[in-house]
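First, one chain by itself in structure tokens, the form predicted on its own.
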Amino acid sequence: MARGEIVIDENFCKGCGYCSKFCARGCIEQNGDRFSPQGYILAVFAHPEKCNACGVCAWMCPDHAIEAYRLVEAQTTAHS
């Protein structure tokens, strides 16, 4: 199963909450613990173990503050 990594640029996040609302797996939260330099409540990638890098959070972000990366495990092949 693919795993993902979400990077949220704190300088662009305006705390709209679209990313957390539309994440089907509940990977992103806004709990009010972190704030951007501009004072917005930041979205936090709280549950990376659930992420499959579908990219919906990045698509929904109106401020282009999110990048989603799919992590691929290296496959080893045996040479005979």
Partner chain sequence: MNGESREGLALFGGVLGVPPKALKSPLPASRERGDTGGERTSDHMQRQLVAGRPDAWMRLEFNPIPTCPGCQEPTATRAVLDVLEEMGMEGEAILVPGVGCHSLIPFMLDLDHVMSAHGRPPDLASAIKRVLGRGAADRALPLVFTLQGDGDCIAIGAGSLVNAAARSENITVLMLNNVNYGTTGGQMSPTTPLGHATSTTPGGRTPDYGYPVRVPEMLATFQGVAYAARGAVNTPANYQKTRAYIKKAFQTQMAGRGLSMVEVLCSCPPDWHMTPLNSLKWIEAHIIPQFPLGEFKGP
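Positions refer to the first chain, counted from 1. Bear in mind the structure is a predicted one, so any value in this text is a computation, not a measurement.
Unshown form predicted in complex with its partner chain; subsequent notes refer to it.
| request: Check whether Arg25 has any heavy atom within 4.5 Å of a heavy atom of its partner chain in the predicted complex, and answer yes or no. | output: So Arg25 does not count as contacting its partner chain.
| query | Can Asn31 be called a contact residue for its partner chain in the predicted complex at 4.5 Å between heavy atoms? | reply | Heavy-atom contact with its partner chain at 4.5 Å: absent for Asn31.
| request: Considering only heavy atoms, tell me if Ala53 and its partner chain come within 4.5 Å of each other in the predicted complex. | output: Yes, Ala53 sits close enough to its partner chain in the predicted complex that at least one of its heavy atoms falls within 4.5 Å.
| request: Using the partner position in the predicted complex, report whether Tyr40 sits within 4.5 Å of its partner chain, counting heavy atoms only. | output: Close contact exists here: in the predicted complex, Tyr40 approaches its partner chain to within 4.5 Å, heavy atoms only.
| query | Using a 4.5 Å cut-off on heavy atoms, what residues in 15-50 are near its partner chain in the predicted complex? | reply | Heavy-atom contacts to its partner chain in the predicted complex: Cys16, Gly17, Tyr18, Lys21, Phe22, Gln38, Tyr40.
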